[in-house]
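Take a look at this single chain in C-alpha cells; it is the form predicted alone.
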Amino acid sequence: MRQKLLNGLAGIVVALLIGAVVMLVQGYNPVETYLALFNYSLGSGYAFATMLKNSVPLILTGLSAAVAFGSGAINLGQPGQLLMGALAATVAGLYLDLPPAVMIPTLLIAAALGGMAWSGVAALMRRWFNMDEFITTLMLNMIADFFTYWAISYPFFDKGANSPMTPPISRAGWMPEIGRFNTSVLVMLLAFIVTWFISTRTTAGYEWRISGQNSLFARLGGVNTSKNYMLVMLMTGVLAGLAGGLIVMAGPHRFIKDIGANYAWDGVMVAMVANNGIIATLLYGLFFATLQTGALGMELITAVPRELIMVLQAIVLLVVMAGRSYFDIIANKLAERQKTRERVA
C-alpha cells in the first residue's frame, strides 16, 4: 500500500513538472498558474466545499468503473447509467410529495434503481445472447443520451424554460447544506465505505477480485462467475445512477441538457489511474476534482486556458499508468540495495 501511494505521488509530481514545461513553452508562468489553480480549489472554505461537491460524481463513477474492471466485467456504460439515474430521481422528485426525511432517501433509491436497470440491460444481453458488454454498454450510452433528451424536451419539459430542461424537483428532495458543505459528499462517502467493505471484506468481493485476475482459476475453484458478473454489473450501475441522482439533488435541482457533462468518462479515467483500487479511486477523484475546480480561477488570474487542465489530466493518466511498473522496479532496486548495505554493515 505504501509503495503504491509513493508511486502515485511520484507520477503526479512528474506529470505536474511536464505540465509546467508545457506552460513555459506556451509563455505562461507555471508557478503563478499552479498557485491560482490550487488557491481556487483549496484556498478557502468555499473553494474546498465546491471541490468536494464536484468530486462526488467523479468518485462514484470511478468506483463503478473500478469495481467492474477489477472484477473482469467491461462496464463502460457509466455515462448512460448516470443519466438514467438522474432522470429517475428527477421524475420521482417532480411527482412525489413527501417530507424531506423520506423524500431524500426515496430519490436516492430511485436514482440507484435507474442506474441499476440500465446496467442490467447490458448484463442480461450478455447472459441471454452472449453479447459483448464492451459494445452494449457503449451503445446504451447513446440510447440513454437520446432518451433523456427526448424526456426533457417533451413529457417533462418545463414550459417556462427556453431550452430543454425539467421543472425543479420538490424542495424536499434537495440535498441539504451544512454551512458551505453539501451533504451529497456524505452520501458519496457512505457509498465509498460500502463499496470498500464489499470489495475487501466479503466473500463476494474476494470472488470478484479473483475472477478479475484469472476467470479460469475462479471457475475451477468453484466460483459462480455468471452470478458474480450479474451482481457486479448491477452494483456498478447503482453507483453510476447514484452519481446522477446526487448531481440533480445537490443542484441544479432539475434535469438540464448535458447535465452529465464529462463526469462519467472522467470517472473511468480516475479508475484507470487508480489501477482499480478502491481507496486510490477516492484519492485520485479528489485530485482530479481539485484540478477541475481550480481551472476557472486559473483562467481568470493567469489567462491560461482551462483546456490546459484536460491536457494535464491526460498527462497524469499517461505518466501514472506508464510509470507504474517503472516506479515499482526502482523501488525494488532501492530496497535490495538497502538490504545489501545492512548485510554488509
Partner chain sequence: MRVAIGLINGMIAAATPILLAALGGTLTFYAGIFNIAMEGMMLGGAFFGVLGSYYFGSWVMGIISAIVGALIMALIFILFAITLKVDEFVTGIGLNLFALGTTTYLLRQIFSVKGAFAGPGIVPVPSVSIPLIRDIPVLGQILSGHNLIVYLTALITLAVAFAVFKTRFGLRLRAAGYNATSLQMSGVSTARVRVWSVLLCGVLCGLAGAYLSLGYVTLFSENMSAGRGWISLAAVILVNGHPIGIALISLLFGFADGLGLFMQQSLPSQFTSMVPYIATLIALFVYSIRKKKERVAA
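Keep in mind that what you see is a predicted model, and the values were worked out from it rather than measured. Residue numbers count along the first chain shown, from 1.
From this point on, the text means the form predicted in complex with the partner chain, which you will not see here.
- Checked against the partner chain in the predicted bound form, the candidates M125, I256, L186, M230 yield a single residue with a heavy atom inside 4.5 Å, and that residue is M125.
- Checked against the partner chain in the predicted bound form, the candidates V268, L108, A250, I169 yield a single residue with a heavy atom inside 4.5 Å, and that residue is V268.
- Considering the partner chain in the predicted bound form, the lone stretch of 297 to 305, 39 to 47, 278 to 286, 54 to 62 in range is 297 to 305 [heavy atom distance within 4.5 Å].
- Of the heavy atoms in F157, none are within 4.5 Å of the partner chain in the predicted bound form.
- In the predicted bound form, L138 approaches the partner chain with a heavy atom inside 4.5 Å.
- Contact check for L318: a non-hydrogen atom falls within 4.5 Å of the partner chain in the predicted bound form.
- Put simply, Y95 is far from the partner chain in the predicted bound form: not one heavy atom of it is within 4.5 Å.
- Contact residues in stretch 129 to 153 (any heavy atom within 4.5 Å of the partner chain, taken in the predicted bound form) are F129, N130, M131, F134, I135, T136, L138, M139, L140, M142, I143, F146, F147, Y149, W150, S153.
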